[in-house]
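Have a look below at one chain only, the form predicted on its own, in structure tokens format.
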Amino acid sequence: MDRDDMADKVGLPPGTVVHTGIDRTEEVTISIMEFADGQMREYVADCIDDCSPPPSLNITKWVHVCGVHDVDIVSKVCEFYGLHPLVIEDIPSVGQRPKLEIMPKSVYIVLRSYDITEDADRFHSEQVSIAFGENFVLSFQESPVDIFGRIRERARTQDSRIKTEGPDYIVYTILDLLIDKYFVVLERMGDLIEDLEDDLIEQVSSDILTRIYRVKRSLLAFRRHIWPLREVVFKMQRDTQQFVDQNMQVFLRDLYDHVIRVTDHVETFRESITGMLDIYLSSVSNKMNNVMKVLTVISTIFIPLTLMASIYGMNWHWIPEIEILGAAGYPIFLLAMLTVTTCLVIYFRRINWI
């Protein structure tokens, strides 16, 4: 999120539409699908008037906007369908917490889409906003690449339910796609955690710690956007009877079950990352203890030798051993030092220090 854009938004009246994402220069594209009596019409909007409401209640219109940086286009599309000014304000204000707002004539949902980047070690996310009513669905995404291509492919098939069901089924299909993509991200996240665990067992290094914190940050961001989604799906089941057909309840229950599974996986991975950090700190501590043990053994061996060398290195003529031992004193002294060293080494090996 651009901090300058957020700073510019401070103090503005409620309902002021400001884009708060990264600066984009791509052209905004609008894809439109219309469904009626099992038939479908698909086209790309040439002008903003193509986004106007369908002429009949029997026609369901899905307008998908790729790019929310042009706030004028976003505002005009939303105004066609009478969306509340605060909803229009939230759409280009990226970084929203997943939520569901019920308006008199529409329902507004905001959540995030996650994808794996090309390097497979990082994750891309963007805000997706959905508004739907009696015969329309509006969807908005940040990037210029349409993330709902698979839904369009399904809609083009002859026996697709999307052609015959209402806006609520289209919204369910969108939510189901986004949540299914969470499982793909979680699978890759699990692979990264397994690789980290294997590397951590083999060797402890600062590079592994950096990778652990990178995965941890990604997981925390993912968790922050997943937990509120449970409330969104549950609220959609309970409070949107005016806009959601009763037959859709079984689909929404299945969707809620998927969200619960995602949150369970996230919590499991979170515990694994926390455990890996503990293992890393323990390994570093054990490594330091081993180093200190080696230094202690070396110091303990050389302390008595240093004492002996210090005593017989004093420059006093009347040290009795000097005259008694004579020429044999030097080899006898070395033998005594070797004996002391050998005894200490044997002792340390018996207590498994070396």
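In this text, the rigid core denotes the largest set of C-alpha atoms whose superposition between the two forms falls within 1.5 Å. This is a predicted model, so every value here is computed, not measured. Counting begins at 1, following the sequence as shown.
Missing here is the form predicted in complex with a further copy of the same chain; even so, the following discussion is about that form.
Using a 4.5 Å cutoff between non-hydrogen atoms, V145 does not count as a contact of a further copy of the same chain in the model of the complex.
Not displayed here, a further copy of the same chain is approached by T210 to within 4.5 Å at the level of heavy atoms in the model of the complex. In the model of the complex, a further copy of the same chain sits beyond 4.5 Å of every heavy atom of I346. In the model of the complex, none of the heavy atoms of Q241 sits within 4.5 Å of a heavy atom of a further copy of the same chain. Out of the listed residues H124, R217, R156, K105, R217 is the one that sits within 4.5 Å of a further copy of the same chain in the model of the complex by at least one heavy atom. Among the residues F251, F80, F136, F234, the one placing a heavy atom within 4.5 Å of a further copy of the same chain in the model of the complex is F251. Segments offered: 58 to 66, 44 to 52, 28 to 36, 291 to 299. Contacting a further copy of the same chain in the model of the complex at heavy atom distances within 4.5 Å is 291 to 299. Heavy atoms closer than or equal to 4.5 Å to a further copy of the same chain in the model of the complex belong, across 267 to 281, to the residues T268, R270, E271, S272, G275, M276, L277, D278, I279, Y280, L281, ordered by sequence position.
In this overlay on the rigid core, P54 has a C-alpha that sits less than 2 Å away from its partner position between the shown form and the other one. In the core-superposed comparison between the shown form and the other one, the C-alpha atom of I332 has shifted by at least 2 angstroms.
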